[in-house]
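One chain comes next, on its own, written out as structure tokens in the form predicted on its own.
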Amino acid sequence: MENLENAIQEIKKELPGMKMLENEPLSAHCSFKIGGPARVIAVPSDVTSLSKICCILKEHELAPFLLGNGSNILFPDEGLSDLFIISTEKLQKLFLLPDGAIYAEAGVSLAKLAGFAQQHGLTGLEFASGIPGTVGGGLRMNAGAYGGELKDVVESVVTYYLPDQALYELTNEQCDFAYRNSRFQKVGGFVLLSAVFRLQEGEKEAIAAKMRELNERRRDKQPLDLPSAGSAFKRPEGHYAAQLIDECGLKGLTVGGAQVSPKHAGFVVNVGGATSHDVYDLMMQVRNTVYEKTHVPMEPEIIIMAPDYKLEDHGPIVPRNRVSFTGPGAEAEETPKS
């Protein structure tokens, strides 16, 4: 706790103009609208400021927790008093590279990214137009919908690697993308800064029509009128989570203010005043009932954070390139091979 307080004071001194939210309710920073106060949420204006924060935290033996739109997370009612949170909301650079690829920083919403691609006649991101997350969060979990995933369109990712205090560029293969997973979930220490997306040329009107079709399907089938964190469970191999939950008669099951959506059994929604304990207890009840009746294990897709949540420090990876702080136009320096 002392390390955290010392780090906060040093960051205030070194970056005096940066927005710092102290004792901020986490319910205001997530789609579930649940969560107690965070000791601090820093909002850096650019990648350089974010990297400086990481450097200071490292000196105090701390690691940051990166927060995008909070669309896939359940914060604790008790809040997070021991964690330094960094919001990526101001990391909004988005532009077309000379070779036709798209560069996007971590705070860009996936909907905005998909719309940008459509405006430039690039196809491949239509599935992302209705996903409520950001590029950073989407990369971490390999976000996807309607048969598409980010792994299909990501060319490379720039990350600040905390153990080395250095920037690295990883290829698609080095990101180790899998279903709702990536190297960035399996191994700690990565602060995702930006990505390059490689798409195919297409007709603007056809791309827009596909986006409208997918978003209409979402509105028809999903409970978008209530706070939630999207799909509560990952798709079990050979099954569909929503179908299993429905077949077990769990639609509408309620614990406190949390409910299995009567509209779509794959969603847990906040029908009013739900606590994190309500959501957690409901999800565990659903998971246990489905397993008892079908013997199919269910894994949460939502990130569930406990009040004493700690970031683990994992071992390093072998990076591809070391890149400068100046961004996508900089020359990459090849990391020596061992």
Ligand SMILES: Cc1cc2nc3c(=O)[nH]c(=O)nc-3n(C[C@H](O)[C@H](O)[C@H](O)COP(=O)(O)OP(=O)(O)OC[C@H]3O[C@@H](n4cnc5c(N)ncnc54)[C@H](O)[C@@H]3O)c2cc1C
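Residue indices: 1-based, along the sequence shown. Since the structure is predicted, the reported quantities are computational estimates derived from the model, not experimental observations.
Just so it is clear, the following notes concern the form predicted together with the named molecule, a form of the same protein that is not shown.
**OP:** Evaluate Thr88 for contact with the named molecule in the predicted complex, applying a 4.5 angstroms cut-off between non-hydrogen atoms, and reply yes or no.
**Re:** Although the named molecule is absent here, Thr88 would touch it in the predicted complex, with heavy atoms inside 4.5 Å.
**OP:** Considering only heavy atoms, tell me if Thr289 and the named molecule come within 4.5 Å of each other in the predicted complex.
**Re:** No.
Original post:
Any chance Gly79 has a heavy atom within 4.5 Å of the named molecule in the predicted complex?
Top reply: Taking the distances in the predicted complex, the answer for Gly79 is no, it never comes within 4.5 Å of the named molecule.
Original post:
Though only this chain appears here, would Tyr103 touch the named molecule in the predicted complex if you measure heavy atom gaps against 4.5 Å?
Top reply: No, Tyr103 stays farther than 4.5 Å from the named molecule in the predicted complex.
Original post:
Hey, of 166-174, 233-241, 69-77, 209-217, which bit sits against the named molecule in the predicted complex at 4.5 Å between non-hydrogen atoms?
Top reply: Residues of 69-77 come within 4.5 Å of the partner.
**OP:** Could you check which residue among Leu192, Ala258, Ala117, Ala265 gets a heavy atom within 4.5 Å of the named molecule in the predicted complex?
**Re:** If I apply the 4.5 Å criterion carefully, the residue I get is Leu192.
**OP:** Taking 4.5 Å between heavy atoms as the contact cutoff, choose which of Val271, Cys55, Ile303, Val296 touches the named molecule in the predicted complex.
**Re:** In short, Ile303.
**OP:** Taking only heavy atoms into account, state which residues of 227-244 are within 4.5 Å of the named molecule in the predicted complex, ordered by sequence.
**Re:** The stretch 227-244, when checked against the named molecule in the predicted complex, contributes Ser228, Ala229, Gly230 at the 4.5 Å heavy-atom cut-off.
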